[in-house]
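For reference, the chain that follows is the form predicted on its own, supplied as structure tokens.
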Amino acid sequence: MGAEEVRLVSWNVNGLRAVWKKDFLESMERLGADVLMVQETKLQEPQLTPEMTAVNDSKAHWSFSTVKKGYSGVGAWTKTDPAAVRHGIGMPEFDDEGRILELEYDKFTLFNVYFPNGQQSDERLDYKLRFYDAFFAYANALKDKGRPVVICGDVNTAHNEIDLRHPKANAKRSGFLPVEREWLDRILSMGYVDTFRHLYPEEEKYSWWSYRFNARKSNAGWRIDYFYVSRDILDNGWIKGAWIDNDTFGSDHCPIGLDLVIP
């Protein structure tokens, strides 16, 4: 048996029904993902169309918010069926917002996560930080048993000054607060690798732009979408490439990707 090449793609679509009307299927085909994961679908199950659930030869998987309509939600299209699919971490406070999909494959576990935004209030910032705590406790339990883990999605925090165009102006804004940035330090210290930054330590490239002020046109962006992998994936030579696709439109975020070669 030779090595298997796998392309993973993550994209916060900011409303699946809206992006669907903006050449989403063409973008999907061009991205060429073996697993395409989307965040912020803003869908409930009855709003899924047959087109959304049957895309080419892929199978669709979803987590929906049960606390608010038109809110949160994640989905994935997989060309190879996972051995198991889970919809949360066993904590209703976090699971009920439909933010987590866990796809278990033979050789690794893949998480698609829409991490909370803390900008609305102090309560939501607290919720965001507690979500980080709870989710990584769950993921670490797998990683610490020797399971290779991939975590992708909208993390809603820029890590360092290189990760946003205007760090000074945003130093007191949720998404770049010291307490949030420290959490991203902790993720690395737990034994995960920020794949894009590992491969491109000095590249200024962003994945989200405000709809205001023509931010995308002037590239006044933030890098808040990530692929993290457990250290063993890097050490075992699985990483072929990591990228941010600034040329795909339809959302205020752009797709990001991770290409693996799995022996």
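Throughout, we count residues from 1 along the sequence that is shown. Source: prediction; values computed, not measured.
Another form exists, predicted in complex with the DNA; not displayed. Remarks below refer to it.
J.: If you check in the predicted bound form, is Leu25 within 4.5 Å of the DNA, heavy atoms only?
T.: Output for Leu25 is no: heavy atoms all beyond 4.5 Å of the DNA.
J.: With a 4.5 Å heavy atom cut-off, would you call Lys128 a contact of the DNA in the predicted bound form?
T.: So Lys128 does not count as contacting the DNA.
J.: Quick one: is Lys217 in contact with the DNA in the predicted bound form, heavy atoms, 4.5 Å cut-off?
T.: Result no; Lys217 lies far from the DNA in the predicted bound form.
J.: At the 4.5 Å heavy atom threshold, is Thr248 in contact with the DNA in the predicted bound form?
T.: Outside the cut-off, so no.
J.: Please identify, from 196-204, 42-50, 55-63, 230-238, the stretch that has a heavy atom within 4.5 Å of the DNA in the predicted bound form.
T.: Of the options, only 42-50 has residues within 4.5 Å of the partner.
J.: Do all of Ala3, Thr78 and Arg147 end up near the DNA in the predicted bound form, with near meaning a heavy atom within 4.5 Å?
T.: No.
J.: Are there residues in 55-94 with a heavy atom within 4.5 Å of the DNA in the predicted bound form, and which are they, in order?
T.: Lys68, Lys69, Gly70, Tyr71 sit within 4.5 Å of the partner.
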